[in-house]
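First, one chain by itself: the form predicted on its own, in structure tokens.
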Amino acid sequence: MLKYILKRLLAGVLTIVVLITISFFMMHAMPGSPFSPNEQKNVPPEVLARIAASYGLDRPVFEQYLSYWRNLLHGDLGISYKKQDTTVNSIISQHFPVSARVGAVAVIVALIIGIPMGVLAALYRGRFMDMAAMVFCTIGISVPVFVISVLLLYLFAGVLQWLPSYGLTTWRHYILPVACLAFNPIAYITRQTRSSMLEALEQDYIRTARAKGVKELWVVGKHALKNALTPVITYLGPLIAGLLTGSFVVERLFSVPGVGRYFVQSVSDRDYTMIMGIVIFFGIFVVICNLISDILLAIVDPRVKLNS
């Protein structure tokens, strides 16, 4: 197990290094800069040049890259180019908990609804329950999240006026953002659970258990479901990372004060340090969640360690 974890950890570290390097050079390869005359039309070019020099943007790109790594190894993600005297670390620490709360509820909702729906679809294969679940899965996987968000916002906040459309003041404000975030994961988890359950129910040990007179609920709950959850656990790592760090579209649409909104704004503002900081934070979070997911998968299915 230790060797397995170390291999996954090393792969994660290499992934982060590659992610930082590619993101840094791609950002500096884009035309313009945060302090170019095209971005700041009312400021004299001489002033913009001095501002850029104060941030070190006048130095060669590779020198900036090494300087960024030196600061990063000390835990410093830099100062925002657009928010004076505001560090990227402080913005992430203040707004990530908001994204995490909404994302955590969405993950729980996706698991609570998706797994039972997939199990029922497998048990009632070819019947109405199965067909309804498959229709939902097709819609949930194929329709983009921004389309679902706009439709739910229009229906429940605009036409019916049952739910608020922005902010997170009360529990009712969480319903629409959570529903939009959980919609696609519910469909994906349902489909994965159904496929795995159908495969598990055809195995010899399931037939043996039934032949011995084991109750169907015990057969499904203990024997079949344990193996059927393997692909769900694999999917859980990137799912948790994606939802907890905030959906950029949902946070922007529902005015949720999470970290996703700042990422969208930083892209339009060409705020390099903010973009890099959120990308690095998101990347590290994905690696950690995937590592935890791999460890859980190895515990549930010992064959994973042997084949790694």
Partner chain sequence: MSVNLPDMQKYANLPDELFVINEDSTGAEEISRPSTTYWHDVWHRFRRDPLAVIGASIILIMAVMAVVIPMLSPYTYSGMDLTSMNMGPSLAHPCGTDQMGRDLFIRIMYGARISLTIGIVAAAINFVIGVIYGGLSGYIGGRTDMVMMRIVDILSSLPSLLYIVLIMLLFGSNMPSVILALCFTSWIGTARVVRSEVMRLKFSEYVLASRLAGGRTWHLLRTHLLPNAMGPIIVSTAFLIPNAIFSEAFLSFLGIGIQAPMASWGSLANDAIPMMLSQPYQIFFPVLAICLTMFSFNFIGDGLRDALDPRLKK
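Being a predicted model, the structure only gives us computed values, none of them experimental. Positions refer to the first chain, counted from 1. C-alpha atoms forming the largest set that superposes within 1.5 Å between two forms make up the rigid core.
This protein has a second form, the form predicted in complex with its partner chain, left out of what is shown; the following refers to that one.
In the predicted complex, F282 approaches its partner chain with a heavy atom inside 4.5 Å.
The closest heavy atom approach of V147 to its partner chain in the predicted complex falls within 4.5 Å. Among residues of the shown chain, Q94 is not one whose heavy atoms approach its partner chain to within 4.5 Å in the predicted complex. For Q203, no non-hydrogen atom is located within 4.5 Å of its partner chain in the predicted complex, even though that partner is not displayed. Using a 4.5 Å cut-off to its partner chain in the predicted complex, not one of I5, V109 and L120 places a heavy atom inside that distance. For the options K82, R101, R125, R207, the one in contact with its partner chain in the predicted complex, meaning a heavy atom within 4.5 Å, is R125. Comment: its partner chain is not present in this chain, but in the predicted complex one of I139, I113, M129, L72 has a heavy atom within 4.5 Å of it, namely I139. Heavy atoms within 4.5 Å of its partner chain in the predicted complex are found in one stretch of 224-232, 210-218, 152-160, 172-180, which is 152-160. Annotation for 181-207: interface residues with its partner chain in the predicted complex are S195, E199 [heavy atom within 4.5 Å]. The Cα shift for V256 between this form and the one not shown, taken after rigid core superposition, is smaller than 2 angstroms.
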